[in-house]
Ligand code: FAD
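Just the one chain here, laid out as structure tokens, in the form predicted alone.
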């Protein structure tokens, strides 16, 4: 018996059987676009194959140059490229896995000047305008999809996924918003659907009957003038008839103003849409988006929402996800927390994608944690993300490690992050590290402030200082008043906050505190799916095209002002793929953001400020009549032990916030801790 009978059940596709119901969804990790990186990509997939996933889908490869995401991006159009791809498929098959190649034409989402789409248009997320495809070019593009599929089969892939969602070219053909054609490829829903249906039909003809063809289908466009539900159902039936093996769920265009995969999206938030489609077709359908733990996946399958589940980033976080679930070790899974910081943010910055909680992702060939040849005694001071990563990775290599922290629980700044509405997932990382401390045998000393003298007496071979940060005070007259609080005291509940609040500092912490203050409790709508859907305006696509309805957020229990000294855009330093979500959420809850602020004083009347004019040539005085002021003006590194240890000549390493405290950066902290452990 298993705790996950539906998740681990085989899936019979007729000509082949998948070993379980887990699909590793497509991710562009930045290794697809240069031949020199394909060996790294092969090892990336091989490690996930060893982890037991039923079927993997690659990042997108273009069927022709017009479809490139970027100039010289990955494509599959020649026999020479086929030979290089065999390194990937061989690595996967040698490790017991199966893999499909995703064929993706970017359309107007291309970052190059010769992009093309159904009609002439420009997307709001790319700098180039796309020209309209000519009729013969539409037909040749369909043939290019079929050719790419045939080449994929020659390269040893077990199938292909046709990318028909997220606002890429096929999606652009399907909606009147981007398809204004009046020829055989536009003018009605039936004509707009001819493009994807012909692609599937010709792909099936090119690859034969015993090859997996997945159609990635947009079930909710979440944009104005998106597809109606009747159109979605008609398309699903049409692509099934054209030869599709599996339908994979796609949610939202990239330009949609509804978040779909960030951490504040509830787990399995969109599986109800897959459940709505499933009775309409007779082939298996796959649920996707914010599925990150076996319990969630099992519930989705047991409920009948889908026949299979797709997870992408959870396999960045933990390549052994399926194996651990099968072995009843789900408490050992390194859970994807949906932060986007090292995956999508890296992708959009044209870097290799990795993972905040697993920096080895995308770097499997160079960041290795091999057993040590010489066991050392290692002391790690500080049980925040950096210290936890260093301690568990070093102990996992065979070192004898002891971990010290003055607090009574592990986690450091993650103990604050997990209390922010929408960041509850951060608690999973602490659960993971707590289990790893047990498994690797790290001796943990909590509630114990380590002194330099004690560390020197311990005779350690290596000392790691991961002592973190302390909030930076502000030098504003009145900052010592009892109604002025540090962000830590507010988040932990040590400070009681009134109905009107000013937040000083609009970095990541300032946004988090504002989110915390604008919810009725410490945990607001973040984990309530229905409340979340109402807040962001997601409704039944049978009632509203594309599933887009007017948002109805819960009102904030407080009036909040978010202030910053800089005159730049408030929140400009937030993540590229998540910053807009935070800004939109606070705007919806009535938070007033003020930039170009000079802080004059705090007194009984409130917070006195001077606000620079837009031109920067003057300022105006203003009094914010607030009950409380919360200081989020940055941090200072804790390095109290460093000088004495260095003077004694011991081997000491400084990582995480103790190294750099410019802004809380768990991505850098965990990466530093892991890489240090690899060298000890």
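Positions refer to the first chain, counted from 1. Keep in mind the model is a prediction, meaning the values are calculated, not measured.
Only in words, not in the display: the form predicted in complex with this ligand, which the text now covers.
- Using a 4.5 angstroms limit between non-hydrogen atoms, residue 23 is distant from this ligand in the predicted bound form.
- Using a 4.5 angstroms threshold between heavy atoms, residue 638 counts as touching this ligand in the predicted bound form.
- In the predicted bound form, at least one heavy atom of residue 448 sits within 4.5 Å of this ligand.
- Within this chain, residue 387 lines the site of this ligand in the predicted bound form, having a heavy atom no more than 4.5 Å away.
- Note on contacts: among 420, 256, 106, 502, the single residue with a heavy atom within 4.5 Å of this ligand in the predicted bound form is 420.
- A heavy atom within 4.5 Å of this ligand in the predicted bound form is found for exactly one of 166, 512, 144, 161: 512.
- Judged against this ligand in the predicted bound form with a 4.5 angstroms heavy atom cut-off, the residues 406, 466 and 487 are in contact without exception.
- Heavy atoms within 4.5 Å of this ligand in the predicted bound form are found in one stretch of 398-406, 478-486, 266-274, 193-201, which is 398-406.
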